[in-house]
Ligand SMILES: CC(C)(COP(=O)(O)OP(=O)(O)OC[C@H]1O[C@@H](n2cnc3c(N)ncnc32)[C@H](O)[C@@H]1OP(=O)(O)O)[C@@H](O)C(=O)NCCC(=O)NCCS
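Starting off, we have a lone chain in the form predicted on its own, written out as structure tokens.
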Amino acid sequence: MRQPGVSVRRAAVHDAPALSAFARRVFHDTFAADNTPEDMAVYLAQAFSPAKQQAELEDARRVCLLMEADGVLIAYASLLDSAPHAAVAAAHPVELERFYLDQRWHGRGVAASFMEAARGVARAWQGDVLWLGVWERNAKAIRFYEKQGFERVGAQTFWLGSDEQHDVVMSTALTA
């Protein structure tokens, strides 16, 4: 669903500070209630520092998309053109490393169009499969990905601070 004032663009290196702050906030909003403050603090510092975001934005194997509403950041997606997960059967897989939407925008119909923008990046890389890992306890996200055509294909370990967690690995074929 297209909404007036909502746009998608590729992030640039100068976006690193704003992306860092936004990524930290949405990750915290999504997962803090189910994790210890200590593990959250460690993970947020490691994964979302401005320097880490800048390095990822400078990485030619990655693309970060930003969705904005009237110039305000409401979502981001990070894609990686990399080696596949062992459970992903593909000639050229693309990983959807991160896909986060501000909770205030859930249910407004913009996530599906943002996913299509992410698929467009993967197709531009000649990817044949888009895959991701999602926390096994994040039922809402799993339902969304299933509605987007993703299927469960495996599992992987994810460390949040000192807490070993388990992700469902999901994938979907990319069609022209």
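Nothing here was measured: the structure is a model prediction, and the numbers come from that model. All residue numbers refer to positions in the sequence shown, first residue = 1.
Only in words, not in the display: the form predicted together with this ligand, which the text now covers.
S.K.: Is N138 a contact residue for this ligand in the predicted complex, using a 4.5 Å heavy atom cut-off?
M.R.: It does: once this ligand is placed as it appears in the predicted complex, N138 has a heavy atom within 4.5 Å of it.
S.K.: Would you classify F144 as touching this ligand in the predicted complex, given a 4.5 Å non-hydrogen atom cut-off?
M.R.: It does: once this ligand is placed as it appears in the predicted complex, F144 has a heavy atom within 4.5 Å of it.
S.K.: Using heavy atoms and a 4.5 Å limit, would one call L101 a contact residue for this ligand in the predicted complex?
M.R.: Yes, L101 lies within 4.5 Å of this ligand in the predicted complex.
S.K.: Taking this ligand as it sits in the predicted complex, is H106 near enough to touch it, meaning that at least one heavy atom pair lies within 4.5 angstroms?
M.R.: So H106 counts as contacting this ligand.
S.K.: Specify the contacting stretch among 121-129, 108-116, 40-48, 56-64, defined as having any heavy atom within 4.5 Å of this ligand in the predicted complex.
M.R.: Heavy-atom contact with the partner occurs in 108-116.
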